[in-house]
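Before any questions on binding or motion, here is one chain by itself as structure tokens, the form predicted on its own.
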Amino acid sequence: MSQRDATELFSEWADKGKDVGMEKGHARSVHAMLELASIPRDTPYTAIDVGCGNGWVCRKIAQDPMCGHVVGVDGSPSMIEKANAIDSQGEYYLATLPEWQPNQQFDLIHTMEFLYYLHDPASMLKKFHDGWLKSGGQLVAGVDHYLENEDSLSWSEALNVHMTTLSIEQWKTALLEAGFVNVEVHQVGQKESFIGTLVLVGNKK
């Protein structure tokens, strides 16, 4: 049986109301990720959440008084429909990635549980660096599926979707080869048997 597209899976989850559970499940890690963000805070900044789901991270970022503009993008029609229903004043795009390109550059790119669904996440990191980020901007990316998280290695088969499995060191190397500087890797949100979300942080010169 051929693997289905991840956006099909997420639309199915949105239709079943599982997006609320995703929000609760990822909240701890996302809070830590945003704490790790170190973009300049003396002037208003712009941000984009890639793989925004129902838009909950966009709404969280928008609560920051220094956030001047935040955008969300996702490939799941049902997720974007929910985002617009919850936040009619927000800016959300239904788009296929990595083909889609924003019409502006951002100070902060946030993405949680998106990159490993791509067949070539390293290429997406390069696009982020070269085309999506302003000079001095920062990427903060979280992934729960990585080689060292053994519990995650069965997810691809269980869900029948493609997942690119990289080690912590391979993710770090991918950021460096994409051109990012001040690259850091962290594991956050540990609980019980979960070894933590792998957080990748990098800046554009």
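Keep in mind the model is a prediction, meaning the values are calculated, not measured. Note that residue numbering begins at 1 and tracks the sequence as displayed.
Beyond the structure shown, there is the form predicted together with a small molecule, which is absent from this document and is the topic of what follows.
Engineer: At 4.5 Å between heavy atoms, is M112 in contact with the small molecule in the predicted bound form?
Structural biologist: Yes - in the predicted bound form, heavy atoms of M112 and the small molecule come within 4.5 Å of each other.
Engineer: Is L97 a contact residue for the small molecule in the predicted bound form, using a 4.5 Å heavy atom cut-off?
Structural biologist: Looking in the predicted bound form, residue contacts with the small molecule include L97, since a heavy atom lies within 4.5 Å.
Engineer: Does any heavy atom of A83 come within 4.5 Å of a heavy atom of the small molecule in the predicted bound form?
Structural biologist: Heavy-atom contact with the small molecule at 4.5 Å: absent for A83.
Engineer: Do M22 and the small molecule come within 4.5 Å of each other in the predicted bound form, heavy atoms counted?
Structural biologist: Because a heavy atom of M22 falls inside 4.5 Å of the small molecule in the predicted bound form, the answer is yes.
Engineer: Only one of 101 to 109, 83 to 91, 115 to 123, 131 to 139 has heavy atoms within 4.5 Å of the small molecule in the predicted bound form; I'd like to know which.
Structural biologist: Selected range: 115 to 123.
Engineer: Identify, from the list L175, C52, V143, A47, the residue with a heavy atom within 4.5 Å of the small molecule in the predicted bound form.
Structural biologist: Contact check passes for C52.
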